[in-house]
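Next up is one chain by itself, shown in structure tokens, the form predicted on its own.
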């Protein structure tokens, strides 16, 4: 049986972020002996590792043991039943981007399981799901944290919540929310120098691992739209979904039906002139072009797309693949509260997840 001072950890997803999280969990368990953290469940889409009596899985070699496991993961509702019957409190860590897992959050929270996750789909899907998640948490007392669903390890959500909870009035949120888009435009339209051809920069970003396997998944703007949906809802706007406001796609209409990412990259050079014209128009005005998201709280307007900025503007001056998020509020006046830094990568995303886990532990242990 579990001791009174034990918290069980269940992990779904052991990819890039999942691996980094396990390594951070291992260090956390060694650093903070109380409450005792025990890994009781870990799964990928194909394999699972758990013991019927909830006895702990050794975190040190959990990934190897999972790879060698012959158990297939149970259905998600069965996983919730198994965890809800555990002899100690459970935190479910969802390191996937799965819609199916996201849909299960209300049930898990209802059954008393706390959740920490970088999964955007749970909080940017239908507004009904958003309401169901927080209503279930409020009823059962279980906790749900999702800092990494917007800015990886950057404290974007916690900052916004602090502003709102302390009674500040948020008037506008604006920024570069995608490490991919940040890198692309910093290379394509730098504040100093010429920049390369658009198609070359997209290819380079893919080679360096900054884009999704199919770059259209970044260029369609939906990733940024999901993050904006989450922040808008936290700021009090009942945004229905990431497709319910204007989102500018940078995929030429003619290439939307390409059969693969490679096919898309092969045909993209023929459309370079469109982006060159946009860049030239900005240069003529002494500005640079960037891909940003903005939320005008007072006007109830959310949008994602290309905007032009003076070279000295903080958004224009970003480096590499950094994100920048500016909060304009009543208290901060004309000088926004700015959060800036790496907004992507396994280690920093997992850091946001681990930080959320520590917050949950302080509330339930």
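Because the structure is predicted, anything quoted here is derived from the model rather than measured. Numbering follows the first chain given and starts at 1.
There is also a form predicted together with a further copy of the same chain; it is not shown, and the following applies to it.
- At a distance threshold of 4.5 angstroms between non-hydrogen atoms, residue 155 is in contact with a further copy of the same chain in the predicted bound form.
- Proximity of residue 55 to a further copy of the same chain in the predicted bound form falls outside the 4.5 Å heavy atom cutoff.
- Remark: residue 362 counts among the residues lining a further copy of the same chain in the predicted bound form, judged by a heavy atom distance of 4.5 Å or less.
- Although the partner is absent from this view, residue 338 contacts a further copy of the same chain in the predicted bound form, with a non-hydrogen atom inside 4.5 angstroms.
- Of the stretches 159 to 167, 74 to 82, 259 to 267, 199 to 207, only 159 to 167 has residues with a heavy atom within 4.5 Å of a further copy of the same chain in the predicted bound form.
- Residues 319, 320, 322, 331, 332, 335, 336, 337, 338, 339, 340, 341, 342, 347, 348 are the ones in 310 to 348 with at least one heavy atom within 4.5 Å of a further copy of the same chain in the predicted bound form, listed in sequence order.
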